[in-house]
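Take a look at this single chain in structure tokens; it is the form predicted alone.
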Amino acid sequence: MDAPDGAGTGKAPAILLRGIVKDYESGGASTRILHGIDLRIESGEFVAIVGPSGSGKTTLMNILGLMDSPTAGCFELQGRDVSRLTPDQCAEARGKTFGFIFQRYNLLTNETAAENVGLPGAYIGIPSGQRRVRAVGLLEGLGLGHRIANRPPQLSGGEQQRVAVARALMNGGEIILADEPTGALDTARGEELMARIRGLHRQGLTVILITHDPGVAAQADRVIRIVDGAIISDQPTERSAEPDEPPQGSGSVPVLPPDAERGRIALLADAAEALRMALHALQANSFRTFLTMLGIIIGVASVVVMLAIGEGSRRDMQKWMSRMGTNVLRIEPGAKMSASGGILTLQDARAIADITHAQEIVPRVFSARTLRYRDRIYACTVLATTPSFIRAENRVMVRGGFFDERDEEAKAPVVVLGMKAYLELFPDRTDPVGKRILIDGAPFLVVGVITVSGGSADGRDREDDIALIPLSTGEARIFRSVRINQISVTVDDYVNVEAVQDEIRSRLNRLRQQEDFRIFNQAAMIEANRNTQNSFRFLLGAVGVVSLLVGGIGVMNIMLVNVVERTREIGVRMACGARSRDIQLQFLTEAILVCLLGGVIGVLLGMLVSGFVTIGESKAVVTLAPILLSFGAAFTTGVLFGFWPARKASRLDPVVALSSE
């Protein structure tokens, strides 16, 4: 046992242990399980390690299979010092060098027999097509060709054990580690399994068998006895000198594709394999998956609906503001920093009438009044103004005409109805021109019907809820006052707005001896409104994001529960060669997939709900931006809230994970 490595052959032994010690810490106390193990196993040997329960044989096997690391001592695997390997290199060595046969099979219940067998191949980069061909070949060689599509719960104990054997052979590893492989089998099936294991040894594989059964151990070529963490004997068996017959139906192991064809796992292949595994896991718990997605669905739908409401409101306000024009100034009474102030009069309007670049000066007096036609009564805004209103505003005549200068001079009792006022008084849509209506009891002749340019035919536009009369008529018959509410000034070009505004301020200050008025620049109003709308949309979006955040926390909680429930599965994957990044990628993919699927459903639900949402006269409008934002938010949620559970899963100790219930 102390001979130089590979003495007589020039080849390093498969396993070489020198002074291996293993301690476990528990409650602040240290317990030594292995006491200075020295062991040499040559390539192609069939070795049985026997001992009573608690003797340390399973701990020794975990160290041999790179599932655990010794506290002290030297471990060389095929001439490589294991202590120099990183965790991922150990995982790669498990995948390529070892094949594990577990007592409890450790098959993944959500995978078919072929998928279980092919699992180790996924972690060393065998393409899925080649992986399936090899898995099917291995199963057929073990008499399970008719069971390749069955899942473990549909297989008998013996069939599950054969699937476990096939999985151990998947990657063509040179060393088979079998931990109590016959412990859960009856005598007949145990003998059949041992015959297959001997067949594997005969094909040149190194077999290390862990057992407490002397009868099983006797079928090996060499028996190592371990008691209380120390080797007490290492002897050849009588079988080592006897020829071994091939087991019935054992078949041959299909040839593994050469490394040159396999290569290392590319990122794309990693992602595709993680996606396949994630879909399997989510389908296995479909109801839980739906409940997990529910928070994301509600969050994404909230984002879509809220932003659709904001977009609808923005468009509606933009439409209304655009009709007012960006080259219009509005003068109203009141100090700059206060609502109090003087009144505007026609003298103010005349004082600014000849300003250069000022095209139309339109004084206005308005208030809510009652209109009546026969038995129809309607309250709306009555606006007294000048004939220049029709030229200054974005309005079109639907019927009749607008009042003119002669009507203004004569204080004629004529009225032009807005579309909405017209429809309220004349619901049968008869021609109102020539009809007489009452405004606060005073008779007026209808001379026309007006609407905003591009306005709706049903009078839904807010600016159609109006009745217009000459300014002089309003002063004499309705308002009994010369107090003007507003003067609008139309500028010939947008670039001249600031200059005209400054001139108006200068003239009115000289006339009034104080600045007890306010001038509103429509461009500034539109910009202020745009900022308000953006803030409103941000607020609505924030409400949806909060819902999405709550959904993300739910995803993280469920994924953490998944890690706990699937700890043994993680251990199995690690035993099959999964690296930390493979485990992390799989669980992260599950979280992202849940969030993206929830995002798709949430977007569809949000679009459906948005189609029925109307606030006032504004309808919700779904655009591409909220949809892309929702998908981006769902993906980000999956990454952020899936990262911690995935990281926790990837950092599990393989031995602890595999031994969990």
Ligand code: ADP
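All of these numbers come straight from a predicted model, not from anything done at the bench. So that there is no doubt, residue numbering starts at 1 and follows the sequence shown.
Unshown form predicted together with adenosine-5'-diphosphate; subsequent notes refer to it.
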For the interface check, one of 626-634, 590-598, 57-65, 40-48 should have non-hydrogen atoms within 4.5 Å of adenosine-5'-diphosphate in the model of the complex; which one?
57-65
Residue-level question: is M607 within 4.5 Å of adenosine-5'-diphosphate in the model of the complex, judged on heavy atoms?
no
Heavy atom of I33 within 4.5 Å of adenosine-5'-diphosphate in the model of the complex:
yes
Applying a 4.5 Å heavy atom distance criterion, does G611 contact adenosine-5'-diphosphate in the model of the complex?
no
For 15-29: residues with a non-hydrogen atom within 4.5 angstroms of adenosine-5'-diphosphate in the model of the complex?
Y24
